[in-house]
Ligand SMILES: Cc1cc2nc3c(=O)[nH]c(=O)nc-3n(C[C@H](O)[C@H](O)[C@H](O)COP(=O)(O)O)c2cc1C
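Take a look at this one chain, the form predicted on its own, written out in C-alpha cells.
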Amino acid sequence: MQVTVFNGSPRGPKSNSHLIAKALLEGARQAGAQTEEVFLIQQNIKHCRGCFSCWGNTPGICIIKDDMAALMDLYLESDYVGMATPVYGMLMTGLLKNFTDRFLPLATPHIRKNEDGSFYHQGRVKHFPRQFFVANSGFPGAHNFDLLKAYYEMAKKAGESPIVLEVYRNCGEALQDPRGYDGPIREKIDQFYHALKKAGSEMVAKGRVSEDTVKEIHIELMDDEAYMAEANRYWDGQIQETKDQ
C-alpha cells in the first residue's frame, strides 16, 4: 500500500504542515504502508494555461513539459493521497492550488449533475486514490478553516476520491518547538502527535479513522489569549532583533 502526501507549504521540510504529515506517515508505515512526502516548493510545476489541449488535442495528457506528469502518476498509483497546506489568505497556498489546477487532464470536458444539484466534470480514469486533507493555521480560534472546509465539502460532492480524514490544526506555530512550553501544553502537543500516528495506522489497517482519534487530533493545544500573547511577543522580539542588527 502506498500513502503519499503532497505538501503545499512554501517552507517545505521546515513547515508545520510537514510536522503533521510526518506523524501521519509514521503511523502509516507502522501499519505496513510505503510512504512518501512531496514538497511542491521543490518541484517544477508551471501554471495551467487553460488551453484545454488535455481535453481535445491530447486527451488525458497535458502539453506542458515539467514535473507534473510524474507527480500525477504518483498520485494515481497511490492508495491514499494527502493534500497538506497552511492557511494563506484564509484558503490554501498558491502552490497547492496550482498543483490541483494541473489535474485537469484527469477529467473530461463532459459535465455531469450530482444528486445535490451541483455540477462537475466526468472523471477520465477508472480509479482515484482515497484522500485525506491537512490544514494548519498560525492563528488560534475555530474559524480559520471555514473556506477550506467549504472547499473540501465541494471536493466530497465531486465524488471521485473518498475522503477519510480532515485535519484542522490551529495554533500551528506551537508545533515548531514544544520544548519551550510548560507541562500541560507540552502534554497536549505530544497527545496530538500520538493521535496523528494512530490515525495514519488506522487509515492503512482499517480503511477509516475512528471518531475518537479524530477528536484527539482536534484537541485544544492552548488558550486563544495565551497563544496570541506568545505569538505577538515572539514577533516583537524578531522585529527588535532586526532593528538591532
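Here the structure is a predicted model, which is why all the values come from computation and not from measurement. Numbering starts at 1 and runs along the sequence shown.
Heads up, the form predicted in complex with the ligand isn't pictured, but that's what we're talking about next.
Contact with the ligand in the model of the complex, judged by any heavy atom within 4.5 Å, is made by just one of Met90, Ile163, Ala142, Leu76: Met90. For Pro86, a non-hydrogen atom is located within 4.5 Å of the ligand in the model of the complex, even though that partner is not displayed.
In the model of the complex, none of the heavy atoms of Glu153 sits within 4.5 Å of a heavy atom of the ligand. At a distance threshold of 4.5 angstroms between non-hydrogen atoms, Gln176 is in contact with the ligand in the model of the complex. Residue contact check for Pro109: none of its heavy atoms lie within 4.5 Å of the ligand in the model of the complex.
With the ligand omitted here, the record of contacts in the model of the complex names 130-138 of 115-123, 67-75, 99-107, 130-138, defined by a heavy atom within 4.5 Å. Each of Ser9, Asn16 and Gly172 comes within 4.5 Å of the ligand in the model of the complex, counting any heavy atom.
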